[in-house]
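As structure tokens, one chain now follows by itself in the form predicted on its own.
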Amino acid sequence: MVTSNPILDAMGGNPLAGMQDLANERRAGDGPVFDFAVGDPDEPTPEPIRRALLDAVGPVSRYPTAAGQPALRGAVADWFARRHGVTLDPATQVVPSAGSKEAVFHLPLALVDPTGDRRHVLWGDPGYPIYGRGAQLAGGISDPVTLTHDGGWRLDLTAIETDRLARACMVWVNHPHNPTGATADLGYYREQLAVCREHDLLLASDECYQEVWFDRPPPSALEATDGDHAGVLAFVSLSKRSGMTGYRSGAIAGDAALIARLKRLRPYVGTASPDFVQAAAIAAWRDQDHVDERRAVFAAKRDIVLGFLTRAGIEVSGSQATFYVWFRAPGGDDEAYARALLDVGIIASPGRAFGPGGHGWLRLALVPTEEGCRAAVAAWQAAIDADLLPR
């Protein structure tokens, strides 16, 4: 019998897969389906980005380098300077990635000592499951920290026991936050960085939603370093910012020694973006107009959904940024409410799919168009009026 990795076996399947199976059954029937589950908006990729990719597809295909094109690293560094006032050396402090998911997953392979005393990886629950999965498959120990509504859905290292910090080698923070849409200010990053430096922890900051904001631009963890990026890595992505989810393009920036280590690892992984995708990424990082236009579209969809939830008396938490809306399940059972919504053609993600800390909450991804959002909330209101949904 072929052997298998017991860690992978213990993980089970994708926590959202069961709901997607039910959603597919619903699609096979009659009536409209409004999919707010998977964070893949319907708005098209801006034409200049598509054109840059097509123009870069040459007659001969070559292997890309894991270190990335100098022009791409420069475009990322320039964006950090414009957006965050952060200075980066594109030669030593930036490396491109195939989106942020693979970069998040692979980071522990470069940093976790599977036989060492400090192999715990801290991350916030509810949160992106890949933080824990990557740690486990690298031989580390996933160590989720429960986040709460009262705590603003923020992981606060100042409140964690010293012995727990002593077992850890790194911590993931994520703001704007998936799944809650909660944000953090620069003071938060300064406090977390101080704890990380006191306890020799890597501060890994997942910032893939940096450009999906509605009140004020959120900061980067790299702003808290005051120019000394030692022990800090920021992970950014073009997926949501530029409508490039299928292109798989992002970047890792910060500590030069850690970037050098990642440059050693990544050729083994084989995730270097094709040169034509890098050309599209250069065009995307250099242009701000399309980002502002997409943000306005997300804001309009958010206004539709938040307005409805407020009128319906459904409690919203977080939801200051990202294209996610996080709301408390009427009746208290997130999975039951998700199933009830599915019966009326609305697909939402139960909060427990993002960890035990998400029990009792649901996430809506603002995927449908504005017209789709209006139709969805009309169907939702009709179901409430007909007593088809828990109150």
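The shown structure was predicted, so the numbers you read here are calculated from the model rather than taken from an experiment. One-based numbering along the sequence shown.
Below: the form predicted in complex with a small molecule, not depicted.
S.K.: Just one stretch in 71-79, 142-150, 186-194, 238-246 has heavy atoms within 4.5 Å of the small molecule in the predicted bound form, so which one is it?
M.R.: Careful reading of the contacts points to 238-246.
S.K.: Is there a non-hydrogen atom of residue 128 within 4.5 angstroms of a non-hydrogen atom of the small molecule in the predicted bound form?
M.R.: Output for residue 128 is yes: heavy atoms within 4.5 Å of the small molecule.
S.K.: Even though the small molecule is not shown here, does residue 210 get within 4.5 Å of it in the predicted bound form, heavy atoms only?
M.R.: Although the small molecule is absent here, residue 210 would stay clear of it in the predicted bound form, with no heavy atoms inside 4.5 Å.
S.K.: Can any non-hydrogen atom of residue 174 be found within 4.5 angstroms of the small molecule in the predicted bound form?
M.R.: Answer yes; at least one heavy atom of residue 174 falls within 4.5 Å of the small molecule in the predicted bound form.
S.K.: Wondering, does residue 178 line up within 4.5 Å of the small molecule in the predicted bound form on heavy atoms?
M.R.: Residue 178: contacts the small molecule in the predicted bound form.
S.K.: Considering non-hydrogen atoms and a 4.5 Å limit, which listed residue (274, 90, 99, 231) is close to the small molecule in the predicted bound form?
M.R.: The residue in contact is 99.
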